[in-house]
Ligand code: F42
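Here's a solo chain for you in structure tokens, the form predicted on its own.
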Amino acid sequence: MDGEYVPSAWDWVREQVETYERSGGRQGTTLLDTGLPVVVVTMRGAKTGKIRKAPVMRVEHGGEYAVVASKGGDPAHPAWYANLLAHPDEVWLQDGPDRFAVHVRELDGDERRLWWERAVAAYPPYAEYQAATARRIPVLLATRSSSRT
């Protein structure tokens, strides 16, 4: 993806992405001290058009990935949620050493319920985050794009 990369203002996010990428996806692959796996999502900023990166919990099934915009149960969506909606075809996902282009779309109905259950199974605090906020936490699905490599 072409463009200027702007690292996160959050130290832990910036450091995790740097470690993940510097090691080729062999280090920094778990969320802080939880031992639970993460992937790195690379996207274009909705307002600036600059490249942004975020580690998110690894929720994979059949080669597709849920991207859960929880922000720890905060009342507001994470900033990267708007980025994914604005540029759903300018997204890359890195799962360990594998990096590939994806198309992202927001889920609803039964499909969302199924992927939400998978997400909570992979990272149980998601259920607590949903209970802590009035907003419905968005679940997006990242599917490999065959047109980009």
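This is a predicted model, so every value here is computed, not measured. Numbering starts at 1 and follows the sequence shown.
If you look for the form predicted in complex with coenzyme F420, you will not find it shown, but the lines that follow are about it.
The contact residue chosen from Leu107, Ala101, Val120, Ala46 relative to coenzyme F420 in the model of the complex is Ala46, the criterion being a non-hydrogen atom within 4.5 angstroms. If you check coenzyme F420 in the model of the complex, you find a heavy atom from every one of Trp10, Val68 and Lys71 within 4.5 Å. Trp80 belongs to the set of residues with a heavy atom inside 4.5 Å of coenzyme F420 in the model of the complex. At a distance threshold of 4.5 angstroms between non-hydrogen atoms, Leu31 is in contact with coenzyme F420 in the model of the complex. Though the partner is left out of this view, Val91 does not reach within 4.5 Å of coenzyme F420 in the model of the complex, counting heavy atoms only.
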